[in-house]
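The data below hold one chain only, encoded as C-alpha cells and taken in the form predicted on its own.
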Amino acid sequence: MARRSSGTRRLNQGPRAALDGFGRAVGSAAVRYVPESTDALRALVLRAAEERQPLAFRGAGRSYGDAALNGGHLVVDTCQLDRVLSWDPATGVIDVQPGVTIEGLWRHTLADGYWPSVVPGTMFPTVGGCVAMNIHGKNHFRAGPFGDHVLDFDLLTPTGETLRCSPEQNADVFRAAIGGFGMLGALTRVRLGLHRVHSGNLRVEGLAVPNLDALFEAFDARLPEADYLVGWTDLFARGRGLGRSVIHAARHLAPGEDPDPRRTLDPDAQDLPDRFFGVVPRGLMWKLLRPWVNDLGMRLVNLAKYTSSRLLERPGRTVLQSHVAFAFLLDYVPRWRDAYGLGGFIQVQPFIPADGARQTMRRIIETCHAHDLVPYLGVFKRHRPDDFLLSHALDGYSMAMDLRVTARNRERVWELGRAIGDIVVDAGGRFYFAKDAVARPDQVLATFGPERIDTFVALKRRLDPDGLLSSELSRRVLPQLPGLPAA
C-alpha cells in the first residue's frame, strides 16, 4: 500500500475517548474508531498496519479488567457490526456479525424455540467478545464454553487476509483465536449453533447450605440432573459457617411440560420488570444500593440473602422462572456497577481442579480474610475442560469474587489478587482473562505452561508478524508476544 501524504491526518490523531473495564477500577484514554462495515474495518486495520499504530478490539466493554483497553493507542469498537446475516429455525444455526449482542441473539431466535447455548450473567456482551474471551455460563459443566458452539468464523488478520476457521479448516487458528482475546485478528462473521428449548421458562430449585463442604456436596448431588447450576456464597462468613451459600439449580422443560409455550417463548414475555416491588423504577435501584456497598452494608446484605433463602427455600421445591430472569441477574439493576463508587471494583475468578478444590477454596477465602478484604459477591460454578489453546476451563470449580477498590485500599486489593494468583498456581488452576486485572506474567506462564504459550506466540508471529494487535491485557500477561511500538 502506498504511503499517505504528510498532509493526511494519522490515525493516532483521531477522536480520543476515556475507556474503562466493566469494573471501572482500570481505565485509560485511547483513540477510538467505530467502523460501520466489514470493509471499513479492513481499511482501518490495513491503515493501522501501514502507520505502525498498535491496535486493540473492543465489543461492548463488558470484560471486567483491561482486555479492551489500549492506553495511548488505537481501539476499534465493533459494536456497529451488528447484523444477523442468516437464521435457520430448522437447524438452530445463526450467522452474525461480531457486534450482535447476546440479547440480539435470543430476541431473534426465541420465538422459534431456540436459546443461545451459553450465556454469561448479562445479556449485553457481543458475540465477538464472547468468542474472543471464550466465555462460560451457569451450564459450563454440561454445555462447555461459548467456543464449543461456534461452528466457524471469518478472521481478518493484520496482513489483510481473511481466514475461514472451523474445527476442520485452519483448525489451529480456530483453537487459538477462541479465547485468544483478539490478538490474532478481527472477527468479521461468526456462525453458531443454538440450543432447542420447548418453553420460555426453566424449572428452578433453590436451597441454602450451611458451609463449604455442604456446598460441594449439594453441587455434586445435582450435577447429573441440572442443566444450570450456580452458587452464591457469603464470603463474610467464618468458622463453621465459612462458605455458606445459596444454590440455584435449573433444568429445561421437556416437550409438553409447558401448557402454553407460544406465550412463554414470546420475547416480550421475557422482559425484566420495570419496577422493584412494583414501586421503585429499575433505573434508580443503583442509587438505593450505593449506601449499602461497604463492608458493613454488604455483610448485612449477604446475611439477609442467606437467611431468607434458608427460611423460604427447601430442597426439591421448584418454581418456574424465565430464561432471562434466571440467566441475567446482573441486568436487573441498570448501572449497578456505579453503586461501587468512583474506584469501582475488580473481579478475581480462580479456576481450581476438582481434586483438592475444597481445601483450595477454603484457603482462598481465608486469604481474603487475612488481608482484611472480603469480596462483596461470590459466585460458585462447576466446570469441564475443553480443547481451546488458552482456555481457562478445567475439570473443577471456580469462585468469582468482587472486590471493591478505593483510593485507600487499591494497593492492598492488587496484593490480594496476586496472592490468590499464587494459590491458583500452587493448585494447578487457571486464570480467566475476561475477568482478570491483576495476574502477573509468571503466574500466567505457570498455569498455562510454556508449550501452550509458545504455540500461541508462534501463531501470533505467523498471523501478525509486525505485532500490530496489542492491548493492555496482552502486554501485562504475555509480554513475550511480538509488539509494535507506536511510530
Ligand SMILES: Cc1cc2nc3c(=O)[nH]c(=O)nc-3n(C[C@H](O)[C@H](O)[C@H](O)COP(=O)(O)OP(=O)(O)OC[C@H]3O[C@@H](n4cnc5c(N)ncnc54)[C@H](O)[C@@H]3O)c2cc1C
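When you see a residue number, it is the position in the sequence shown, counting from 1. Predicted model, so just to flag it, every value in this text is computed and none were measured.
Unshown form predicted in complex with the ligand; subsequent notes refer to it.
Contact check at 4.5 Å (heavy atoms) against the ligand in the predicted complex: all three of A60, T126 and M133 pass. Remark: of stretches 432-440, 414-422, 45-53, 446-454, the one touching the ligand in the predicted complex is 432-440 (heavy atom within 4.5 Å).
Taking the partner from elsewhere, T122 is found to have a heavy atom lying within 4.5 Å of the ligand in the predicted complex. The ligand is not shown here, but in the predicted complex it comes within 4.5 Å of a heavy atom of A68. Heavy atoms of F216 never reach within 4.5 Å of the ligand in the predicted complex, leaving it off the interface. Taking non-hydrogen atoms only, T78 approaches the ligand to within 4.5 angstroms in the predicted complex.
Of the residues given (G182, G200, G344, G144), G182 alone sits with a heavy atom within 4.5 Å of the ligand in the predicted complex.
Interface residue among P375, G243, P98, G396 relative to the ligand in the predicted complex, by the heavy atom within 4.5 Å criterion: P98. Along 317-341, a non-hydrogen atom within 4.5 Å of the ligand in the predicted complex is carried by L330, W336, in order along the sequence.
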